[in-house]
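Next comes just one chain, in structure tokens: the form predicted alone.
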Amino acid sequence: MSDLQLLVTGCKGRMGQAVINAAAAQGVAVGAGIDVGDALPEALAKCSCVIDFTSHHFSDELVAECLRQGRSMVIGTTGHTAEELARIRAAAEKLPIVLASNFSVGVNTLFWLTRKAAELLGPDFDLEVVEMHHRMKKDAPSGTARTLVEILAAARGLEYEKDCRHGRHGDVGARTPAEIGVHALRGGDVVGDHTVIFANVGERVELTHKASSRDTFAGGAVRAARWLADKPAGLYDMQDVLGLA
């Protein structure tokens, strides 16, 4: 297909509706939308790229069908298992895929600033990440918070699974230099708040991003789909789309 035609999954949900509106604002056609119970193969056949913000449980089916039909993918779903991520990476050997924990331009700027701050401030600063989302969010920490911790870990030569501390409770002892704290707050209708804290004796640096509308994520996803239209097979993220990689 020469013209970009989007398949929007979860089209009846809040995020699906935001993507449809963002596509209209950017002059991109939505070829089809599906929700629970709808037939994926028939809908995908009408489209050239899928934007998915549904559930990681749907990823395997979606990836398999995109491989069968040769369709590109923009994946904003978080909470994937290691096995699901491995299948997405394998699919990217044959398909162009943008996989990102957050499609906001502001959050991706936060990723870039976090990396630079970690490099500039050095090992004397303790690292903590705090995120808050609405009461209905199922996975914790958020995919964005995990990305922030992974950026910090890479800058310090640490490992996410080994050195990340998910909250603290009880007599955990003094904080060690080789740990990155991450804390997930849930309540109300918060779209997404993320703060990275660099704390030293006598001073503290905080980088914060607060999202007040899903439109920022939807707009970024449509932008990613447009960017992906002429790209070869490969696994990309929003840093690539924005030229920040």
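Computed from a predicted model, the values in this text were never measured in an experiment. Numbering starts at 1 and follows the sequence shown.
We do not show the form predicted in complex with nicotinamide-adenine-dinucleotide (NAD), though everything after this point is about it.
Just one of Ser55, Gln69, Gln26, Thr195 has a heavy atom within 4.5 angstroms of nicotinamide-adenine-dinucleotide (NAD) in the predicted complex, so which one? Partner contact (heavy atom, 4.5 Å) among the options: Ser55.
Among Lys162, Lys138, His166, Lys94, which has any heavy atom within 4.5 Å of nicotinamide-adenine-dinucleotide (NAD) in the predicted complex? Contact residue from the list: Lys138.
Candidate spot Phe111, Thr147 and Gln239, all three touching nicotinamide-adenine-dinucleotide (NAD) in the predicted complex (heavy atom, 4.5 Å): Result no, not one residue of the spot touches nicotinamide-adenine-dinucleotide (NAD).
Since only the chain is shown here, I'm wondering whether Val36 would be in contact with nicotinamide-adenine-dinucleotide (NAD) in the predicted complex (any heavy atom pair within 4.5 Å). Although nicotinamide-adenine-dinucleotide (NAD) is absent here, Val36 would touch it in the predicted complex, with heavy atoms inside 4.5 Å.
Tell me, yes or no, whether Lys231 is in contact with nicotinamide-adenine-dinucleotide (NAD) in the predicted complex, where a contact means a heavy atom of each within 4.5 Å. So Lys231 does not count as contacting nicotinamide-adenine-dinucleotide (NAD).
Given that the partner is absent here, does Arg226 sit within 4.5 Å of nicotinamide-adenine-dinucleotide (NAD) in the predicted complex, heavy atoms only? Answer no; every heavy atom of Arg226 is more than 4.5 Å from nicotinamide-adenine-dinucleotide (NAD) in the predicted complex.
Would you check, heavy atoms only and a 4.5 Å threshold, whether Val98 touches nicotinamide-adenine-dinucleotide (NAD) in the predicted complex? Outside the cut-off, so no.
Please determine, with the chain shown alone, which of 77 to 85, 124 to 132, 170 to 178, 148 to 156 has non-hydrogen atoms within 4.5 Å of nicotinamide-adenine-dinucleotide (NAD) in the predicted complex. Of the stretches listed, the one contacting the partner is 77 to 85.
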